[in-house]
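The chain below stands alone and is given in structure tokens; this is the form predicted on its own.
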């Protein structure tokens, strides 16, 4: 079984995703192609990295992940492939065992591959594994898709990664998880992602946030306590909870917290833990 995942900012209106899939299937007709998302906001490398990291760890060993959010396509950034080994990774959980990651060297792979873990990385320089004609504006189709297809046919025991190009020097670009400040009994984090429901996902992890008693402040609003589910709040009510990614989220029951608060990525979130009464 060979699985290839795709994460892009291409959307669904154009032919770009289908072209990548056609290239993959021409090389490996038995590949199972899974779309993680093609709705990453255009050129938003962080959002693409977050989406990939949120899904990659649930796939079996040997999966090849392709991420194309590539504002500098055709420029100086390097096309790369990584092989991540077991370790501490994506969103604070275990890195997928022996997964491959293919894409531009702009950090879009780094949250999922977790570059602090053991990994092998190459710059894709061997054109034998590319399409014969390469567009300067569509490396997703002409470099990343064929490389992923070849990796998927080789399997974990092959030495194909080394054949794809040269060892990467300097190391791959890495996106850094925003730091959480702590002072005067407060944790000060920020909104790092907004999903399609308007939920505000923060960098405050479950292990750092107690359930009760506490309060959360954002955009001048104070939310008392951490709820367990969306159903714990009334319709239209603002609430805080630990989402499926293990991170603190600010949400509105049956609504959009981003719209209700006028919030955006980077906005501060303050968590206060109060002494039990």
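Numbering follows the first chain given and starts at 1. The structure presented is a predicted model; accordingly, all values stated were derived computationally and were not measured.
The same protein has a further form, the form predicted in complex with another copy of the chain, not shown here; the description that follows concerns it.
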Exercise for the section: Using heavy atoms only and a 4.5 Å cut-off, decide whether all three of 207, 209 and 223 touch another copy of the chain in the predicted bound form. Expected result: no
Exercise for the section: Tell me the stretch among 143-151, 105-113, 128-136, 166-174 that has any heavy atom within 4.5 angstroms of another copy of the chain in the predicted bound form. Expected result: 128-136
Exercise for the section: Find out whether any non-hydrogen atom of residue 193 is located within 4.5 angstroms of another copy of the chain in the predicted bound form, and reply yes or no. Expected result: yes
Practice task
Using a 4.5 Å heavy atom cut-off, state whether residue 241 contacts another copy of the chain in the predicted bound form.
Solution key: yes
Exercise for the section: Decide whether residue 98 counts as a contact residue for another copy of the chain in the predicted bound form under a heavy atom distance cut-off of 4.5 Å. Expected result: no
Handout entry: Interface membership of residue 182, another copy of the chain in the predicted bound form, 4.5 Å heavy atom rule
Key = no
Completion exercise
Taking another copy of the chain in the predicted bound form and a 4.5 Å non-hydrogen atom cutoff, the residues of 5-37 making contact are 9, 10, 11, 12, 13, 14, 15, 16, 18, 19, 21, 22, 23, 25, 26, 29, 30, 32, 34, 35, 36, 37
